[in-house]
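What follows is one chain in structure tokens, specifically the form predicted alone.
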Amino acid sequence: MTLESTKNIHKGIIKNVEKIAFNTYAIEFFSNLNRVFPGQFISIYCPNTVLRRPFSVMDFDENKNTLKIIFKLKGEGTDYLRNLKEGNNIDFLAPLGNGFNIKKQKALLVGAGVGIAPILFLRKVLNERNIENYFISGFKTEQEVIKGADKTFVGGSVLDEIENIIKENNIEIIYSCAPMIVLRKLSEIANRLSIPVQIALEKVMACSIGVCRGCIIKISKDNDIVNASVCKDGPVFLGSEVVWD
């Protein structure tokens, strides 16, 4: 039995590929998936690479049967993806991991870099459910900005005004996907203000289904410290349960 036989392998057809920012691309393709939740991810087969490549879902339209991801150009796998054309086939595992546990509370959404992908998807769902939200994003340069947030920070830290934003907007819950250093500091702020925060972790994955144990983190459960796989137990965790090194 192979690792991949434990999950359905899906075949999709490329709808379009477009460059949306510096070294950043979006791929939309038709799929036969019935349901995907914000925070979940897919793992795509890229020829001539040993492992599949994991990507957060940026959008899923169950009426049009389309799914969208974004990625930064980094190597052979992503170079293959950006050169796909309309009508090409795409091979992927999905849906993977556990998504955000959506609450009917006024939400602050925080995305940084390509971590904005699942947050854009989450905002769409929150808006469909008439859940009030405020969305901020952060990028290193103006050329890397991906549009969709209410307020965007460029060059500095997305956390610079976070406490003021929380207080001014009467935030009740926070959802975020960003580099680990941002998620750690955001969790510290949320804890200090007694606001729950759900974070989607970005981590290098091998199997993407919890078998290889290559994406282990430590979390606090029932007054004990245990190992958790980001790909299977996450990628969404409570910021308060993650043991930050």
Partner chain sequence: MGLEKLKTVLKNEKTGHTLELKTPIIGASGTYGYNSEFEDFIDLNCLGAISTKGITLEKRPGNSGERLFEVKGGLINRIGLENVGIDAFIEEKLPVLTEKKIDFLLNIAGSTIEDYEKLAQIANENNIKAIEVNVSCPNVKQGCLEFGLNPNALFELTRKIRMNYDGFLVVKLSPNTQDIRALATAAEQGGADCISAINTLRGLGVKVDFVGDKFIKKTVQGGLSGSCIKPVALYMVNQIKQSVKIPVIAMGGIASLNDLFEFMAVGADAFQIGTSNFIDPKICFNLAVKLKDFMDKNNFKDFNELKGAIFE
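Positions refer to the first chain, counted from 1. None of the values given here were measured: they were computed from a predicted structure.
Quick note: we don't show the form predicted in complex with the partner chain, though the next part is all about it.
Relative to the partner chain in the predicted bound form, residues I9, E76 and I209 are all within 4.5 Å by at least one heavy atom.
Of the candidate stretches 184-192, 58-66, 26-34, 41-49, only 41-49 has residues whose heavy atoms lie within 4.5 Å of the partner chain in the predicted bound form.
Using a 4.5 angstroms limit between non-hydrogen atoms, L126 is distant from the partner chain in the predicted bound form. Contact annotation: L93 falls within 4.5 Å of the partner chain in the predicted bound form, judged by heavy atom distances. Contact check for L201: every heavy atom lies farther than 4.5 Å from the partner chain in the predicted bound form.
Contact check for G214: a heavy atom falls within 4.5 Å of the partner chain in the predicted bound form.
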